[in-house]
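Two forms, one chain: they're shown below as structure tokens, one block per form, named structure 1 and structure 2.
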Structure 1
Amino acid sequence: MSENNPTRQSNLPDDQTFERQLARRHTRSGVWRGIFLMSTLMGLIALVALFGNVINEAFGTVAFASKLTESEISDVPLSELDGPALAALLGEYAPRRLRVIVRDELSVVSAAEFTTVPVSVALAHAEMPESMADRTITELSDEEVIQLLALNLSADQLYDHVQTDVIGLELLKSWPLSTTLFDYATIQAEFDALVEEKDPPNPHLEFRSWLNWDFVTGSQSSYAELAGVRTAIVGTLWIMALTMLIAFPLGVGAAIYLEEYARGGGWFDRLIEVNIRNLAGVPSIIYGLLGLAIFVRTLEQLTSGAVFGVTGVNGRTILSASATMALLILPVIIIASQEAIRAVPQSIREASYGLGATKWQTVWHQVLPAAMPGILTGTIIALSRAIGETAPLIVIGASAVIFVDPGGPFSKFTALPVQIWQWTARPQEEFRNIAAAAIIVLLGLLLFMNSFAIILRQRLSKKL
């Protein structure tokens, strides 16, 4: 037939032209394949470098030395002393730690407020003489602070503080894991130089994992070797839980409206959809400024809990942080939910209508369950972004130093990203070590949350 149709035959390339075109296609394909492989390789290298650097800082060798010996500070064994005597030892040998101990053990306000509010407010649950109630902690003498400690801390607690703040180990220097494994001679030489220069009592080297159970369950401290992230973990979990409760129903509801009810709608619906897609690319700090203006200041009576009878708190609470983070991830959830709903076959809707179901019954019982795996995927991506955001939380007033675990949506708070930022800003090397350990905790928390959501998504997919 081709012989009788010269027009069709002339449209086909000859063998040489065909081979040249095929070779060019293979060349272009090879170039793009190489670019994709190179991009993947660079991404893997960057990921390995990131994890390698974090692990390198989270483990290593540390030089410790004793501050004092027990016999140097007391003729009587410390275990036989009562609370007032132990508090007096703290005042004699660690006077700079007195107010820090009061803040860590007894304060119910943030570190910034601790030195400015009256003692009766800062230590709301503590026993104290009436003469101290209306003064700030900085206006109290050392003797009065010692009296506060003796009244409110047990002998066992004071004994632990004497062991830590007076007798305990002093961190001289830390070295990363890479130096420990490949250049231990340098560590030994620097350690010998430190010992010769400072001549501390009982100096020694030990391998230390900055990531341990005490670090996960401990509270914040001005000593890197004693600091923990429990308060930051609790704050992060509170924020993520409330963010999910606010953003998920709003995002899915908006997506249902745009896809099922406003499809082919007027200019207003199109304007909403365009703005939602634009908002997904807005820098996170802008959301922080928006949250500061709306939730912290304008709605302070609500976010502080004043309308529910909560007192002594301003609008810089977990509720404000959660509402701000919900705004941040809302566009991502809406867009992902729209795509998931759009992917549901039209035949499912038509079959539901054919059986007499209403519009809402079709959406609720047929479309939404079929789209739920895709919706959860978008939600996972959105929450993964939210859990690592720092700028919005700093803008709305997250506390860099807080010693009280948040107990509800109207509590002061900190979060793991804020805590990591605060530690990396400190000049001491050992705070970078605990920042690396906190990064591992944050990644573990993110992995746990994502795994839970993925398992839920897989179960929903199997049911469908």
Structure 2
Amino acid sequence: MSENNPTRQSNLPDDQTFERQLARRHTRSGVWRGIFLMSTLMGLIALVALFGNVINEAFGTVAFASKLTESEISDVPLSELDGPALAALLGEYAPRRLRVIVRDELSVVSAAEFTTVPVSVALAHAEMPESMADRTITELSDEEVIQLLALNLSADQLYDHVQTDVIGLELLKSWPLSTTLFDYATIQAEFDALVEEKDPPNPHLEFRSWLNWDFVTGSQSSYAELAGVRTAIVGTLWIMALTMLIAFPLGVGAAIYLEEYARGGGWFDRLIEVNIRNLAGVPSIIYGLLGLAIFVRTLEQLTSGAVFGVTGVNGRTILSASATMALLILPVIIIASQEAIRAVPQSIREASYGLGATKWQTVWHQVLPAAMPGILTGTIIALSRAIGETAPLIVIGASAVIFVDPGGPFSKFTALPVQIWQWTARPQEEFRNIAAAAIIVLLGLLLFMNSFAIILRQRLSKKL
């Protein structure tokens, strides 16, 4: 051993080198600490960029041109007028468009037949006075057509038509918020160039919040400035409600089985357990393919409502979407519920058994109430995951454009994230703007659900 000593000695640095190396080691340690902190902050930066980008696109300046201005045709703001008044405006300023609107909105026959058959046939589903029924559309006077429009179209629809057919609002260009705030001169210059080049009637610049009440409550439209997300919101709410209805009892039931009935159980119980954990890792689009093959195709009779006498739809309905979503979030609900049930102290169960309660009585009256805050929180978190899921809905066939709000499990549907995807995919700048506005609506919905989960947990756990 003593022979080794000199070599070991020579490996050690002398004092001066040691000091130098020590200083270097500490510097390096400090630098890396900075790198670690920066990496953590990158998440924060990404989040700020993400939201900032959405806000930047959801507000900004737009250039409009219009054939007429609102004040030229009406003393009160158009949005305050009722249906008949709007229909009258259409008659006054766009008499040639009247019958075209009737055809586009109400006709059930082909364009060729439309002018030759009586209106009671052409507009089979529309309300109309007896006196009009036997005549063709060309035989009706303008006043009668206006009456027809006022009877059958909502104020919203008529408002859109006044906007497009009378005012002829045309969106020329839109600029994001950042340009509006910091570089307005560019907007002005681009606007002037645009006016010079195209010479549109009544051009003007205005600040626009793409997210506004009309947007939230409006129906779909092929014009970005008139489009709204009501149909998509209604679709999303329907899907969430049905998903909850399917997934909640199944998920909690499975969790109760695994925790209360199958504790330390045999191979089958373990298989279920492992299987649930595997399912949690399956990409959502695979669930979409499963839903497409099983719910949309194989069970089409059921999911289209054909067995209940509903006609005219295929299997691409809200029910199929909800069933698919339910399978998707089932593992999340089961795992969360299992944890909540596991956290209930064993003493409560034993006390219940001691009083002579059966297993189910113990579970129903003691374990479940105690575990409920945890279960509900887990369920809401699972639902808020489902609310943003897009891929499975697209795969099972969310409709691109629907103008009727979904009214039940057997309706065709669209949903908020699907709508965002479709608008994002469009090349025009203004559709990015409304996609951003729709994203804010979606994030608002998510925020609402999550705060609801937090409040619920606090209130319920206080009671216990």
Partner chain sequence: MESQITIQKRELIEAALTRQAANPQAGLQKRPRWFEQIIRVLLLFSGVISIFTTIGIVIVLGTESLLFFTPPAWIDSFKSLEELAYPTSDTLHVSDASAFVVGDQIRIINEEMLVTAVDLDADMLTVERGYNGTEAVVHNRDAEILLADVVTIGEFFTSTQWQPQLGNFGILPLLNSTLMTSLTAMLVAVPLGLFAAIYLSEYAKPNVRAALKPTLELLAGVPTVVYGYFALTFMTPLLRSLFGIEVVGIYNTASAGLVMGIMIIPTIASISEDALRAVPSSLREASYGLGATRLETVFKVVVPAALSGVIASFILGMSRAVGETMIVAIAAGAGPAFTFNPFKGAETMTGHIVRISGGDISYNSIDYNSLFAIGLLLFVLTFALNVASRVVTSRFREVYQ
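Start at 1 and count along the sequence of structure 1; that gives the residue numbers used here. Keep in mind that what you see is a predicted model, and the values were worked out from it rather than measured. Whichever C-alpha set is largest while still superposing within 1.5 Å between the two forms counts as the rigid core.
Legend: structure 2 corresponds to the form predicted together with its partner chain, while structure 1 does not. After superposition on the rigid core, the Cα atom of residue 200 is displaced by less than 2 Å between the two structures. In the core-superposed comparison between the two structures, the C-alpha atom of residue 179 has shifted by less than 2 angstroms. With the core held fixed, residue 388 shows a CA shift below 2 Å between the two structures. Fit the two forms on the rigid core and the C-alpha of residue 16 turns out 21.6 Å off between the two structures.
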